[in-house]
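The chain that follows stands alone, in the form predicted alone, written as structure tokens.
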């Protein structure tokens, strides 16, 4: 059995880290950037880490991807543990509460940044892997879905993604991490596009055809000249990742999700 307290404590540690310490991949890239407000961007993450303050005032909605081994035994439903961890962290630290209880009629703040969004994937084995994204409103508002013609090929998919970033990318505090979900159903494609954002920048798709598509999209996006914070200097995107799934013969859903330049995320693994 994986103890609730073990999961809770480690998750709380990673949630704080994601909000106050800049992702190491991002830090290496930002450290080399010289352009408008580069000193301010660097000063921000140095102060955040030193003072344990949020990197951004929008401390987001938490989205979790749980890979639950079929032999894993938990003390309580994993969603309950995830909500407890987020509540304890966001109440204890100066992180903004960003969640409203009803999306349309009341929009009353829940005052603890819960409930969280959880996707559970049942897998074989005794391992529990939890990945998460801290999704700010700016990047989340750029999520999109397009039901393409099923005869469309890789070039059409690339054009769709690039045109979308060209039109909207500056709104999400670039450089961006771009996730593309292809196939499944409409909702599956959107989840896949989010799951793609949990990958490290250096990872490439194991299928060389999709790896080439990732690289082509990245090259073309970085020719757009949007740059840091939309100011036209530096790169527009750090990396592009594609996740795909079998789909119906008459459909081709393609979804795009992005992360802002902070790329706040985390991953923890437990063995039962």
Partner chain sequence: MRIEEFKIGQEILYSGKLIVMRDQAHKRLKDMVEKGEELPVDLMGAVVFYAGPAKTPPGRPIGAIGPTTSARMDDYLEMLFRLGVIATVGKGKRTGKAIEACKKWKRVYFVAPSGTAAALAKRVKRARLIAFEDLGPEAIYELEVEDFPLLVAIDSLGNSVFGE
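It should be emphasised that the depicted structure is a prediction, and the values quoted were computed from it without experimental measurement. Numbering follows the first chain given and starts at 1.
Note that the form predicted together with the partner chain isn't included here; everything after this is about it.
Partner contact region in the predicted complex: 226-234, out of 243-251, 226-234, 200-208, 60-68, criterion any non-hydrogen atom within 4.5 Å of the partner chain. Although the partner chain is omitted here, in the predicted complex none of 121, 180 and 270 has a heavy atom within 4.5 Å of it. Between the options 125, 150, 77, 94, the residue in contact with the partner chain in the predicted complex by a heavy atom within 4.5 angstroms is 94. At least one heavy atom of residue 262 is located within 4.5 Å of the partner chain in the predicted complex. Remark: residue 173 counts among the residues lining the partner chain in the predicted complex, judged by a heavy atom distance of 4.5 Å or less. Contact between residue 213 and the partner chain in the predicted complex is not found at the 4.5 Å heavy atom cutoff. With a 4.5 Å cutoff on heavy atoms, residue 56 counts as touching the partner chain in the predicted complex. Interface residues of 24-58, taken as those with a heavy atom within 4.5 Å of the partner chain in the predicted complex (partner not displayed): 36, 37, 40, 41, 43, 44, 47, 48, 51, 53, 54, 55, 56, 57, in sequence order.
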